[in-house]
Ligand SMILES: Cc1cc2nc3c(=O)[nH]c(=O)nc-3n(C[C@H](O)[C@H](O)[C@H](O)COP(=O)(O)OP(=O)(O)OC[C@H]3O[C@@H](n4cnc5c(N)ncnc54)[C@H](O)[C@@H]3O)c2cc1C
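The chain below stands alone, shown as structure tokens; this is the form predicted on its own.
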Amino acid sequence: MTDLVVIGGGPAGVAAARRAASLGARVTLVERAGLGGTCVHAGCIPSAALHHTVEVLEDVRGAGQVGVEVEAPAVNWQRMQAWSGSVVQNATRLVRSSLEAAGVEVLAASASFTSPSSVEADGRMFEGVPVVLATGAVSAPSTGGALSNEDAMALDCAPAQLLVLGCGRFSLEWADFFQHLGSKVTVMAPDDRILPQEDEDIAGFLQLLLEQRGIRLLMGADASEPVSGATVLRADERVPNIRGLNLGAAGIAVREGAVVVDDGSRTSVAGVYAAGDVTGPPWLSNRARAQGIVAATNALGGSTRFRPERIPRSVNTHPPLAAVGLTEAQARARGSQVSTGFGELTTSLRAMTLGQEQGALKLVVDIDFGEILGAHMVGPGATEVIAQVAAAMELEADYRDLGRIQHLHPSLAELVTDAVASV
């Protein structure tokens, strides 16, 4: 007998299944494609592997600066793709092993609702069993011959000219990737700056660095303007994957193609929960995992809620941008007594030893209550430095508590101490 049905085997579904199993539930997970979902097979895992290749390429190109003499480096495309594929295979095995270890039953099949309280999968009917929807998202249908995120990964060489339509996370990551591999890259978007949802100071810093490296940014431009001879990429356009679920039979509310949920991951139908990209953007695997845990906990009688402001996010350019919480503008709009502090890489001894001194960490706090409202960084190690602030936010620490931590020296983590000191 099954106590919980999870539909989808991506980050949200796997997190929900494992959480439910840890609570003693008998779980059936239904996945019609590959375990791990888009993240493992056509998203953050292969993308991260490919980006590591260009990080190594950049390091080798700059080796002479630190006294290492090397011949001119080049990327072997087939080996790069083989490397990415091996990472995907290992990640898939880890996902399957984790589910097996938790005792989760996995059905390789499609699932759909036949009524608000019934789900059919692989010829089996699950009646009156709580359900977690975690079917993720997919790239929007291609228009005008433009490449999607998945298409970009499948290219067998870098295009001579690449026109990237959009200035969000995925667009900038691919623009950065192909520029490193020799493409002449143009980014075109109607926005007045890149990453309009991120902090203006930090996103502006990244914009400057990308332009200095040779990426042409046409902001405020009509995205329909042609660039002669260029391969066109639309990487930011994704839609929740609700195909075949028959949500109408269940009466589950959908808005703009996404399943509507509250902060407890509950849908409009009792006993049905949803988590991850199927609930709409932002498209983040860690967000999906957090929602999956909330959904499974509440489906089994618990009471917890999802806190989106505590979910860190990143843009895997070179250097990367990472953030957690509110931007300065968002915090001021909320009415908080906002103060900011900065840690500059130009004064970081660790950045000096790395030869990477471009970037900064920005801390946003409520000066009256000591609350950490957000942190934003561009520069080497940004994802690791932001993790420290994210942990402090989860523990509801006062921002001054961060200043009492004694970091290893020299380290990039010392930027947090510098930012606190300058508030």
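Note that residue numbering begins at 1 and tracks the sequence as displayed. Quantities reported herein were computed from a predicted structural model and do not represent experimental measurements.
What follows is about the form predicted in complex with this ligand, which we do not show.
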- Do heavy atoms from each of 84, 178 and 320 fall within 4.5 Å of this ligand in the predicted complex? no
- Contact of residue 7 with this ligand in the predicted complex (heavy atom, 4.5 Å): yes
- Query: For residue 109, is any heavy atom within 4.5 Å of this ligand in the predicted complex, or not?
  - Reply: yes
- Quick one: does residue 169 come within 4.5 Å of this ligand in the predicted complex, counting heavy atoms only? yes
- Do residue 209 and this ligand share at least one heavy atom pair within 4.5 Å in the predicted complex? no
- Query: Can you pick the stretch from 70-78, 283-291, 158-166, 214-222 whose heavy atoms fall within 4.5 Å of this ligand in the predicted complex?
  - Reply: 283-291
- Note: exactly one of 195, 247, 91, 153 sits with a heavy atom within 4.5 Å of this ligand in the predicted complex, namely 153
- Query: Of 390, 44, 397, 54, which one comes within 4.5 Å of this ligand in the predicted complex, counting heavy atoms only?
  - Reply: 44
- So which residues in 137-153, when you check this ligand in the predicted complex, have a heavy atom no farther than 4.5 Å from it? 137, 149, 153
